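Given next, in structure tokens, is a single chain: the form predicted alone.
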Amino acid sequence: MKLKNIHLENYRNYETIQLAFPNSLNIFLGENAQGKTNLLESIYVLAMTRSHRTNNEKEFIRWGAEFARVEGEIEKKERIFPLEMAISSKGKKTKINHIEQRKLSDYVGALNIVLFAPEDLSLVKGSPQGRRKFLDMELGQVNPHYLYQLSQYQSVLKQRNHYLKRIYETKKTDQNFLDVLSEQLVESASHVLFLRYQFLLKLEQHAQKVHQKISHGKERLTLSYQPSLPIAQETTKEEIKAIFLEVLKKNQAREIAKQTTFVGPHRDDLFFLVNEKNVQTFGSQGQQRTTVLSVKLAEIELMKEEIGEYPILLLDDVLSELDDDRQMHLLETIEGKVQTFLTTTSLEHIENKMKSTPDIFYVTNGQIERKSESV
């Protein structure tokens, strides 16, 4: 899979710019706050329709402009087609091959990406919300059905919480209506949970191989899903529904009092264990970083397995955060296989480590100059 070119219009600090990417390795070099991460973010947005940095999509729009647009030409499975994502005060529009896509699940997955940024190093020790987002974004790229079911779940969850608040305020309950919302919630939740377990099982298999190599066979990595419901990996969808409904009935009075739904995929977490010890709690910084690197490299291989092609890799100033050994494992894994877009303030972390000749783009205050040279 390749991104052949990209065109930005009124995106962040770029008024208009068009770049071609004939090579596999593309390096964006420049000082901080010049627009390197904005460019990488635009590729992420083209793929996912959202940013990894902000939830406020209006920030995409250049100051004083009325809209922002990102367009790119994708080569996937010997087929070339354009993608487009535009944002304005009227909302967001996405197009595949010039045809507008009405649903997110119809668009996401057309361009598959893996992002590795400094903030991803907090995946292990960060918040449960961050780990749930990681699951949703990565699984959603390879399984449109998951995105649809997650969207359904989030929609019904919002309705149910709103109704719980209404019950609390009015002291009146339409039990039939609440039961309908609960049944709709557990229906979509059963799909979300079942697919999360399947995805993590496959991701773990790939991550274990990488982690064992990086740790020179001294450590074993396992991924442990932590549901808020009393379920396990072997629990069937029908069993999940029955268990979830029972828990909702048991907690109904308490949920009305607190005006929120206590359990479900929106409350779950993911633990990373090295030699059966929780890395969040007991792991060293080196173990935590090795774990995240193993998971990120595993994502690349899992996507290849699921979609038949390697995804595009975005590395946002992350090499400087890794020691030489981890840098080498990362670069050896991607070289010659994965089209990579990398931002950095210096070439010292890459010098003499890559066999292929990259395209280097010098970024200065929203202007980009392309120059190929060996590093």
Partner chain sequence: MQYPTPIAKLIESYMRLPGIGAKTAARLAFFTLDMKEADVTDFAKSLISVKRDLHYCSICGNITDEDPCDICKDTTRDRSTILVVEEPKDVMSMEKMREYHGLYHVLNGVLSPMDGTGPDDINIASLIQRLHDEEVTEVIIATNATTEGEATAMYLSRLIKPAGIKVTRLAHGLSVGSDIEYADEVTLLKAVEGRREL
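Residue numbers count along the first chain shown, from 1. Computed from a prediction, not measured in an experiment: that's the story for all the values here.
One more form of this protein, predicted together with its partner chain, exists but is not displayed; see below.
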Distance check, R166 to its partner chain in the predicted bound form, heavy atom within 4.5 Å: yes
4.5 angstroms heavy atom contact with its partner chain in the predicted bound form for E100: no
4.5 angstroms heavy atom contact with its partner chain in the predicted bound form for H145: yes
4.5 Å heavy atom contact, N176 to its partner chain in the predicted bound form: yes
Residue stretch of 151 to 159, 121 to 129, 286 to 294, 273 to 281 approaching its partner chain in the predicted bound form, non-hydrogen atom distance within 4.5 Å: 151 to 159
All of K172, V180 and E183 within 4.5 Å of its partner chain in the predicted bound form, heavy atom check: yes
